[in-house]
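Form predicted alone, single chain, as C-alpha cells, below.
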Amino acid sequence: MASTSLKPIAAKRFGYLEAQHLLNRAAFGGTPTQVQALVSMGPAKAVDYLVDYEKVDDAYLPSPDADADIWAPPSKEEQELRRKAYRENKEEARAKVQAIRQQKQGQDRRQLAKLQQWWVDRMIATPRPLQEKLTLLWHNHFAVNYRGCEDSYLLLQQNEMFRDHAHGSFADLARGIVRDPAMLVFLNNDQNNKRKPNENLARELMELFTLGVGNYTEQDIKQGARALTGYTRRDNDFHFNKGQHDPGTKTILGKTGKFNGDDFAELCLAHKACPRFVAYKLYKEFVADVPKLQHVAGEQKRMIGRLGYMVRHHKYRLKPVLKTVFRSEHFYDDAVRGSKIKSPVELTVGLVRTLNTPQRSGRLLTDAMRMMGQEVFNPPNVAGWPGGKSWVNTSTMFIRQNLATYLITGKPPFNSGWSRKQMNYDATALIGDLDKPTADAVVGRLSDVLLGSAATSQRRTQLRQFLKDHNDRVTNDTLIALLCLITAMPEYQLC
C-alpha cells in the first residue's frame, strides 16, 4: 500500500531516482545532467523550478506559421458564385464552388500536419516542459478533434489558450471553454438557438469538463442548453448573438435565474463536485492510472478527496496543488513510481529529451504517434484518449519498439536504403562522466537512465551478458545496441 502522506518528502530521501521520477511525471524526462541538477536543488526548489516555469525564458522557441484566413468568410465574388450555383442551378458554378472548398480543405489539412509537427517539436525543445504537459492534459480534458472542427486555426487558438492558463486557474479554463470557437463548432453550439436548443455543450460541460457523471440531471442539461443559446462564433472569434439567446428564467443545479452561458460555467464551478473532479484529473495525469472517478476506491479515493479540498481552498488555482503533489511522500512512494504507462507522446518526446538524440523527421514522429493511438489536435472523441492500458497492445508495442530504434539509430522501419551515416548519434555522452567506464558501470548507468527504479537485477544481468558476448567492448556501437535493447523491454513502457 502506498504512503498516503501529502507531507513533503525529506531532502535526504530525494536522490537520483526520485528526481528522475519527478522529471518523468512533471515533464517528459531528462538527461542525467538535468536529473542531477534537480538533485542538487533539493525537492522544494526542484518543484518550484518546474512549476514556476513562467520564470524560465522560452522566447527563442519558434512560433507556429499559421494562416488564420483559410476559412475566412466568403468574399462578395464567392457569395455571388454560390447564389448562381444553388439558386439558379448552374452546374458550372456548382463545380467551381466545390473546387474552391476542396482547395481550402487541402490547404487546411496541410496546415494541420505542420501544426502537429510544430507542437511535438515544441514539447521536445521547450525549457518549460510542465507547461506543455499541462497543455496536453487540457487538450485531452476539453477534447476537440479535427474531424469535428475542420479548422486548424481554431485548434491552434484553443491550444494557445490552454498554454496560457496551463498552471493558472481551472476556473479560467472552464470560463474560456464556453466561449472557445473550436469547442462551439465541435459540439454544435454555434447552432444553439432559442427556437431549438442544442444540448451537446451543456451535457459535456457537466459530464466531462467540470462535474462528472451522477452530479446533474437531464433537466439541468436542458436548462443549461438554454443558457448557452446564442453562444456562437464569427470567423475566428467568439460572438454572442443576442437575438438567438433565450433570456428567460432557468433553474440549473438547484439555482434559479436568467442565466447565460457564463453564468452556467460559474454554477458548475460552484458545485461541490467540481473541485474533486479537477483533483481526479490531476491525480490521474501525474500520479496513477486510476479508473473512472465513480469507481475509484480505497486510499486513492481518499487522496483525491484531500486534493479536491485543496482545489476548493485555493479557488481552483493549480500551482499550489501541483506543488503539494510533486513534493509529497505519496508521489515518491514505490507503489507510485514506474506504475503509469507512457502515452505515445510521453514515449516519443521523453526518449528524445532523455537521450538527447538527433532531430529526426517530424512527420515520421507524428505518423508513428498516430499509429500508436495518439494524434495531437485529433483525439478520438469528446472524451479524449482513454490512456492507461489502452496504449499497449501487440500492434502498438511493435511500433513503439521500432520508433525507439529509429530515434536512437536514425533507421526508419523497413528502409533498406539506410546508411550508417544516418546514425549521427554519439551515445558515449551518456557515460562521459564515469571515472571508470567498466562494463558493470556502463550497464548500471544506462539502466538508471532509461529504466530508473524498474531496473531489476535480472534486467541488469541480461544487459551485462550482452556486453560479455561482445568481449566487454564499450564502444558507440555497443552502447547504441544496449539502448535499443533497453527500450524494447516492457519496463521501459512505464514511468
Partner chain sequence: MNNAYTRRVFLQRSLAMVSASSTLPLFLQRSAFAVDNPFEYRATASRAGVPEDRILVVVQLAGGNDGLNTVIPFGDAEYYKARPQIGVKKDQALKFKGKAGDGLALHPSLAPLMELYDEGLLSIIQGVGYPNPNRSHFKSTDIWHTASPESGGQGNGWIGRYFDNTCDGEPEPNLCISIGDKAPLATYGEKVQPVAFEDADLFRWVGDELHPDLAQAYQTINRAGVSGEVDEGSTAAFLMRTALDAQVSSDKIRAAMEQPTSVNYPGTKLASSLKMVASMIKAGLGTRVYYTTMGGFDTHAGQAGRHDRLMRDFAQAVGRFYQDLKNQGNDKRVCIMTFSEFGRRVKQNASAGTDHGTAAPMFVIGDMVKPGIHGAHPSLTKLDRNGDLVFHTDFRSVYASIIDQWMGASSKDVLGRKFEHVPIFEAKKVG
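Note that the coordinates shown come from a computational prediction; the quantities given were computed from them, not determined experimentally. Positions refer to the first chain, counted from 1.
Missing here is the form predicted in complex with its partner chain; even so, the following discussion is about that form.
For a residue to qualify, one of its non-hydrogen atoms must sit within 4.5 Å of its partner chain in the predicted bound form; none of G168, Q219 and L269 qualifies. The chain is drawn here without its partner chain; in the predicted bound form, the stretch among 129 to 137, 251 to 259, 310 to 318, 335 to 343 whose residues come within 4.5 Å of it by any heavy atom is 335 to 343. Heavy atoms of Q79 never reach within 4.5 Å of its partner chain in the predicted bound form, leaving it off the interface. At the 4.5 Å threshold, heavy atoms of F186 reach its partner chain in the predicted bound form.
Using a 4.5 angstroms threshold between heavy atoms, R370 counts as touching its partner chain in the predicted bound form. A residue is said to contact a partner when one of its heavy atoms sits within 4.5 Å of a partner heavy atom; E88 fails this definition for its partner chain in the predicted bound form, lying far away. With the partner omitted here, the residue from A279, L156, V287, V382 that has a non-hydrogen atom within 4.5 angstroms of its partner chain in the predicted bound form is V382. The partner is absent here; in the predicted bound form, the one residue of S75, Q359, Q103, T394 having a heavy atom within 4.5 Å of its partner chain is T394. Contact annotation for 481 to 495: residues with any non-hydrogen atom within 4.5 angstroms of its partner chain in the predicted bound form are A481, C484, L485, A488, M489, P490, E491, Q493, L494, listed in sequence order.
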